[in-house]
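Presented below, as structure tokens, is a lone chain in the form predicted on its own.
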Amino acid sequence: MDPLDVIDRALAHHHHDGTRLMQILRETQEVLGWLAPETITRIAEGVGWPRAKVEATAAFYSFFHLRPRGDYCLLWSDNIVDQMAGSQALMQRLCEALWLEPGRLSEDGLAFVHTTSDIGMGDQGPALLVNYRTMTRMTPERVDAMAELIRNRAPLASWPAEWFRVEDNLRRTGPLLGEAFAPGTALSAAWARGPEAQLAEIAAAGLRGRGGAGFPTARKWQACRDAPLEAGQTRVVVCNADEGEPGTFKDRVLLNSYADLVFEGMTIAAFTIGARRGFVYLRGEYRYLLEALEATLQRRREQGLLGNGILGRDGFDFDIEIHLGAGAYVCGEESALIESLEGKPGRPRLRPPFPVTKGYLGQPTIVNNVETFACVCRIAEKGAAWFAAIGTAQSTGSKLLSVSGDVAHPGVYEYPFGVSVAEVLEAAGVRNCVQGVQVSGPSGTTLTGEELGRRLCFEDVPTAGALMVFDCTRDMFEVARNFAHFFAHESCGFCTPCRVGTQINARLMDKIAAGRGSQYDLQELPRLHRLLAGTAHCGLGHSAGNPIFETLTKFRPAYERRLKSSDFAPAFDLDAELSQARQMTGREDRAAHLVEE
């Protein structure tokens, strides 16, 4: 097909709308393989934006390519759990079979092999993306067969279908997922209550956001509902399905098998706050779900559960679009996600104003997690009292937990809030003594084997829904080093503390791993953590030092045994060198120093 025809078709499909730039770039690249300079120029002309603005968006996201990536682009998940399952050796085996180096296009332009951050398959790795289609449970035999198919230039459609199979691995259900759901029943119940009563029902249920921060859902919705609208505006409902935290994959299961719960929860939110437009921001790694989700949306329109006159009521209009991301972890932050929805690089905004008053295109917008909308649906259906009776006083309801790592049965488990870590691990089948558990992914908390009695709830250990288990044979330093490189790769570069600090963290960890570290480096890591937590622009930077600080505190021998010299002292004192700057600015407070007091 003529490249110009491909570009023009994508532009026409999205009505030459610049706010849909991400989808235009994606659909073009899926056919042409990469985004050539002339492609960028044509798209910029088509949407009426400066070329530099379009190129900035294309350059920001990992899954857009401004250079050729060959007929086969193979990206191995670099999650620590995938590494534990042997992903690095398998990638090397593939490279040797294809005679190429990781990160470099083959001489004949056939294939490109490299790593990418977690792709949400921690329960069935090692996994990779092949031309952005997910492949799971890779083995040496599959790698050898795949190399042969690539050398023969076999189209993906002819590859074995079982290689692309993604399992739900839903191991335990509870109040949220344990009962069948009839589409429309929750929406009808919400309609019968009316928007104000429905909002009161959400408040009485004590629902808190399931993305990790735990902000009260009703308070967010109330602020959005109260925000004034300008002429031509509407309120907007956004479902954050950018499940980018390594170790988390429960939203994938919800979207695959419980999409009606999620979409109906979004529609109830729209009814409650008075919204007419909704988006699902689907992470690029879940591209394989797109067609099935589109089909579910279309079915709901035909059932009168979306579109104009929902449930046959005049004036109840709401519809949902799916926006596919392109490989940027920072877009999990709500304002960065909104920037991405508008076709721009996904960098977090300065706040205030908050999205509930000025979000998507300046309109009042709520952004909630996939699981939060599923909970909303059940609350509307069964009532606040039913929901509030589950869990603990400050953490009502149940929680979906993605369990991966050293367990016999990795997958998704639903438990009421307040369950102990030990109980979850027992159900998942711990195969050895537990050395550590990473809760909520790299940005979360590291528990030792002695802390398994702690409870998963906002009163004790908050969680976004991930438990990564490391038994006593694992090296917790290497776990933290993997996380350090993850943050260094995913920093958006907006602010200096995060852009530079995450890189220094990664390099210090590499230096220690190479046996060139010192006690000074071990002292430097907590200082960097404090600096990032106090000065970074957004949550990514604030939490980037967490896994290093926690493992250094709780598993210090894993660091110290790598030190060859314990008495090294640097000749250059950076804090002393900054004394003149402190004097000039009149600062002598704690934050102006780089040393511990």
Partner chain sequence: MSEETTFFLDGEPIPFTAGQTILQAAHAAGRYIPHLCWHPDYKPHGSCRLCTVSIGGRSVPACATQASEGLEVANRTPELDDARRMLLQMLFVEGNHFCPSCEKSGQCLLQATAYELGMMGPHFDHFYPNRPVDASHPDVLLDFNRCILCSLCEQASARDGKFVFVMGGRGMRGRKVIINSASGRLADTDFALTDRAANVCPVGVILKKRVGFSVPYGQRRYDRAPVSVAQAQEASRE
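Since the structure is predicted, the reported quantities are computational estimates derived from the model, not experimental observations. Positions refer to the first chain, counted from 1.
Below, we turn to the form predicted in complex with the partner chain, even though it does not appear here.
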{"query": "Distance check, Arg51 to the partner chain in the predicted complex, heavy atom within 4.5 Å", "finding": "yes"}
{"query": "The partner chain contact at Gly327 in the predicted complex, heavy atom, 4.5 Å", "finding": "yes"}
{"query": "4.5 angstroms heavy atom contact with the partner chain in the predicted complex for Arg277", "finding": "no"}
{"query": "Touches the partner chain in the predicted complex: Thr553 (any heavy atom, 4.5 Å)", "finding": "no"}
{"query": "Interface segment, criterion being heavy atoms within 4.5 Å of the partner chain in the predicted complex, picked from 103-111, 224-232, 482-490, 316-324", "finding": "482-490"}
{"query": "Partner-contacting position among Phe494, Trp163, Tyr132, Tyr72 - heavy atom within 4.5 Å of the partner chain in the predicted complex", "finding": "Phe494"}
{"query": "Residue among Ile504, Ala204, Leu311, Ala154 with a heavy atom within 4.5 Å of the partner chain in the predicted complex", "finding": "Ile504"}
{"query": "Within 40-64, the residues that have a heavy atom no more than 4.5 Å from the partner chain in the predicted complex", "finding": "Thr41, Pro50, Arg51, Ala52, Lys53, Glu55, Ala56, Ala59, Phe60, Tyr61, Ser62"}
